[in-house]
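Okay, so here's just one chain, in structure tokens, the form predicted alone.
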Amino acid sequence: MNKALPTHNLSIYVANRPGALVRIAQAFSRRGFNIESLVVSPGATGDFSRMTITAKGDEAGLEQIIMQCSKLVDVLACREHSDEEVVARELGLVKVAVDAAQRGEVLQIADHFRAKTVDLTETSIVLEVTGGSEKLDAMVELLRKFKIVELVRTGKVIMARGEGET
């Protein structure tokens, strides 16, 4: 029986130096982890960046990745976060081909998910939606009955709840 691998959320605080991302990605690759989403953004100061990596794999391999990443010169901190201890958000842009008859139904779906219309033409609509990954997945699934022309997602960004550090 093939068991589904768990999804892990890692926050990695790194110095802004060339090659840091490659070295971190190699740690995942060596352990057979597939990175499902990767977001890198500047930290509170320009000298450091925060990486949020979502990946699937076994617990033992994850522990090895955290240890290997923590040993890298550019890494200041590497930590896994459970879904319960973080605020997690993702942004998605969905371009849907619609005609005048379909536009109303697409706008109702968008309204339900609190998505914004960011572009509207005679033949298409671009929706912007933010929230948890499950919310984006659900909206995209409902829009599949129309023609999705393009779909772009940022990947998950996370921040520890309360006073805890990410």
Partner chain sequence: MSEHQMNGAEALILSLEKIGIEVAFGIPGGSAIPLYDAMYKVRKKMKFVLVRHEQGAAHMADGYARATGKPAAVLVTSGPGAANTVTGIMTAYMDSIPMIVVTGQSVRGMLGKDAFQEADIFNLTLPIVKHSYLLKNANDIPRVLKEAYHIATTGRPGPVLIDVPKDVGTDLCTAGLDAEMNLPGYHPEPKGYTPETLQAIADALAKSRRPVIVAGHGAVLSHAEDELRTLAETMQIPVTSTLLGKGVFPDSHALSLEGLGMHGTAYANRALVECDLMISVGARLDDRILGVPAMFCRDAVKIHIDIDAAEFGKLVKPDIRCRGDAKTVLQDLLPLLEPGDTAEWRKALAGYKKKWPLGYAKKGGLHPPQIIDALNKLTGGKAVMTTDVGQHQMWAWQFYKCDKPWQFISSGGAGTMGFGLPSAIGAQFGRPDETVVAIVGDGGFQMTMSELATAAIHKLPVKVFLMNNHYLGMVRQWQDMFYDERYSGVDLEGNPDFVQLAKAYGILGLNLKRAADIPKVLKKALEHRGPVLVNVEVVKHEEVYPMVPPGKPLEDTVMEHPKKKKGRPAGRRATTAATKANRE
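Residue numbers count along the first chain shown, from 1. It should be emphasised that the depicted structure is a prediction, and the values quoted were computed from it without experimental measurement.
What comes next is about the form predicted together with its partner chain, which does not appear here.
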Quick one: of 102, 124, 68, 49, which gets a non-hydrogen atom within 4.5 angstroms of its partner chain in the predicted complex? 68
Among 35-43, 132-140, 56-64, 110-118, the stretch whose residues bring a heavy atom within 4.5 Å of its partner chain in the predicted complex is 56-64
For the three residues 15, 18 and 75, verify that every one has a non-hydrogen atom within 4.5 Å of its partner chain in the predicted complex; reply yes or no. yes
Is residue 23 close to its partner chain in the predicted complex, meaning a heavy atom pair under 4.5 Å apart or at it? yes
